[in-house]
Structure formats: structure tokens, C-alpha cells
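Listed next as C-alpha cells is one chain, alone, in the form predicted alone.
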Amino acid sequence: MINSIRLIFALSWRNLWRNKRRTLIILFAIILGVWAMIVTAAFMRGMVFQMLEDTVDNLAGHVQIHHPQYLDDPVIDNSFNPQSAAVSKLLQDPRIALSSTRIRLAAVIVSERESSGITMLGIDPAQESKVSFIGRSVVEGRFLDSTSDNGIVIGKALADKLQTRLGKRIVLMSQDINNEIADRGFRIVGIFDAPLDPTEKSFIFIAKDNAEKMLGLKNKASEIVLRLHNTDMVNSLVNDYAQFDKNIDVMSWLKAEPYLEMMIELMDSSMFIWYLIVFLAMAFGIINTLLMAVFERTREFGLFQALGQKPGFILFQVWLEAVLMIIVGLVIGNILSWLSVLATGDGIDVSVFARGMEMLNMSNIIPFVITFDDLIVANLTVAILGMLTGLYPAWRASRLVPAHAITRI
């Protein structure tokens, strides 16, 4: 039995290289297909990973706590008590690593020359610097140093738009708790540089105590943003506290940023279509190569059967040729894929598409991320479906009639 298997393997490997040019062409196609599937998946996963990182770091966090009506109508009336018993109990959950309490409302900022609509964030600087990008993004001046700091931190793009600079005074206006226009002057103490221009233009940061005084708030907040120890804990935490208290709404970043969930689903669908296209191209190549080999060796197969060889032997031999070709292609394709991903280092610069990347809320550097699941899917797709496509030529070879096959010219 062992000798028969060795013989079949030897014959299959030898026959595979009887026409080296044809075998090398289809082998190249398999290698290219495997490489394209894995590298494309790594690029798309990298895009998703970067989008998640940018979104979480760009003020969204992993989990957000709001008043139940805040997202539908983000006004000062839809605030909640961040010191309530329910919130205090939630914040003690061991899955939570960091938290930041904010007053987040629409406002208007006015400089000496220009004005602009923005989102005002009243923050605790010590908390916020650990939760979002702002703590490490101030490129001019300084960040806020306490909850009573009288300064304001704005984005570089907003400073250009307002034609102002570090040290200048601006006026901030918003609606207070009595639905009156509240305004207050601040001096620009810091200018931040964010990965995305829309972030620089849309957000300003002031100390939480000053926001409360300006708006007439007391023991109220618009949102609390949480960073967890592990992203995989998000769904379990949200599910545990979904109906925890009627006065607060606990949601994941996906609900707060619905476009991102749509983009992730789009990426998954695109990967499936890409896998299908690559596989179909390889499948036709494998079938064509093996059918040509069967056609050229018709008399040989007829002679084998005339000498008493069983059709099953021929079927297995031809099918094994496809299997060996796929194995070689998978090994080389995986090695080239790993080398390609390693060669990208921290990622590739796509700044040439900067405007489009901004629309997706993504930075200009996209890392390549290979996941174990993507490797398994790509390799199993090529291996299983490739082996199935090899069955048809093998079946054709096993069905040849010896008398007709031997006399065929």
C-alpha cells in the first residue's frame, strides 16, 4: 500500500513537470492569486484597523455614556449627572481602563477677523489627555493644566481659518441652561495638530469648570467616554449596562459612529468578492492545464487501463497533480505575502489620496495587518476549491475507454 502511494506521488510529480512552461505559468497564477488575496486582505484589515484607531482616539473612545436623548438632540438640556449612583457603579467595572467626563455642545467661536461654528468640549485635562489624542497633539503653546485653566486650545486649521494665533483672545458663545446666549472671552494657550483637518476645524477645548460657569451647569455632563482594557470587551460591557438605568444611555463607538460600521461591512463584502474573482481565475487555469495534460496523455492512460490499471488509480494520480501544484503555490504565495507585508514596515503613505482619506476619517498612513482568520480563509479557499476543480480533469481521464484511447492519434 505504501509503495503504491509512493508510486502515485512520484508519477504525479514527474508528470507535473513534463510540460514545464505550462506548469510554471499556472503555478505563477496560483502564487499570484494567493499573494493578492493575503496582501489585499492585510491592506483592507489595515484600513479598518486604522479607522478604528483614529475613531477611538479621535474623541469617540470605546464606549460612551449619554443622556438617552442626547444623540438625537445634543443640547444642554440633554445632560446627565455624572456623579449619580448608576454612573459611579458603572465606572467601577474592572473592564474599564480610563474615562473622561465632558461637556460637549455646539458653539460659535469669534476672533478679531472671523467666526466659525465649532463643537466646544469642556474637559478635565488630566482625564482627557489619557483618553484621546489631544494630550499629545499640542504643537504650539501648552495644553490645559487644570479644570480651572482660563485658556483655550484650538486646532491649527481653525486658527488659520480665524486668522488668529497663539496668545490672542477669542470669544466663545453657546446656549446656557436657561436657553440664553452665554459668551466668554478666552486666551489661546495652545494649538493642536490632529491627523485629520476636520478635527482641527471642528473642536476646541476649555477647562470643565469654566464651561460649567459659562453655561450655568452644575454637576452635569454631556458625555463620559470610556477606554477599555481590550476592544473585545466592548460588546459585553454595553450589553451588561444597556438597560442599567433609564437616565443614561450606554453605547459602543459603532453606534456613535454608524458610518464606521457600514465601512467595515463594505470592506468584508469587498474582500469576499475579491476572493471569488481570484479563485475563479485560478480555477479556470487549473482546469485548463490539467485538461490539456489529459488530452496529451490520452494514449498513456488508455495503455495503463489496458494493462489492468484501475480507473480510480488514474483519477487519483491526475487529481494529485492538481493538489501538488496547489501546495507548492500556497507555500510560495504565503512566504511572498509575509515578505511583502514585512517590507511595508509601519504602513504605506497614501497622502496622494488625502482628500478622500479625510472623508473616511482616516490618516494618510495605512498599516498592513495580517490576521490569523484571513490567512486561514485565504489558504482554505485556494486549497479546498482548488482541489475540487482538479476533480473534473481527473474524472475525465479515468473515464477514457482503453480501446479508443490507445488508437487515438
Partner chain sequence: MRHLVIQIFSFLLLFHLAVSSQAETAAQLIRQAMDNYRGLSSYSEASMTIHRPDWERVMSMKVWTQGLDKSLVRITAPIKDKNGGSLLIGDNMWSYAPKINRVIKIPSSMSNQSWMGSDFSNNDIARADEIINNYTHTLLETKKINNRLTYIIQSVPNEDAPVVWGKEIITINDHYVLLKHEFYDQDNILIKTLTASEIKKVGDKYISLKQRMQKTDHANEWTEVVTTVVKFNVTFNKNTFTLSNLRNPR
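Numbering follows the first chain given and starts at 1. Model, not experiment: these values are computed from the prediction.
As for the form predicted in complex with its partner chain, it is not shown, yet the points below apply to it.
- None of V331, I181, V139, L339 but one reaches within 4.5 angstroms of its partner chain in the predicted bound form through a heavy atom, and that residue is I181.
- With the partner omitted here, the residue from K218, K310, K246, R113 that has a non-hydrogen atom within 4.5 angstroms of its partner chain in the predicted bound form is R113.
- This chain is displayed without its partner chain, yet in the predicted bound form the stretch 182 to 190 from 128 to 136, 182 to 190, 200 to 208, 96 to 104 comes within 4.5 Å of it by heavy atoms.
- When contacts are judged by a 4.5 Å heavy atom cut-off, K168 counts as touching its partner chain in the predicted bound form.
- Put simply, Q317 is far from its partner chain in the predicted bound form: not one heavy atom of it is within 4.5 Å.
- Using a 4.5 angstroms threshold between heavy atoms, S174 counts as touching its partner chain in the predicted bound form.
- Among residues of the shown chain, V108 is one whose heavy atoms approach its partner chain to within 4.5 Å in the predicted bound form.
- Contact residues in stretch 123 to 149 (any heavy atom within 4.5 Å of its partner chain, taken in the predicted bound form) are absent; none meets the cut-off.
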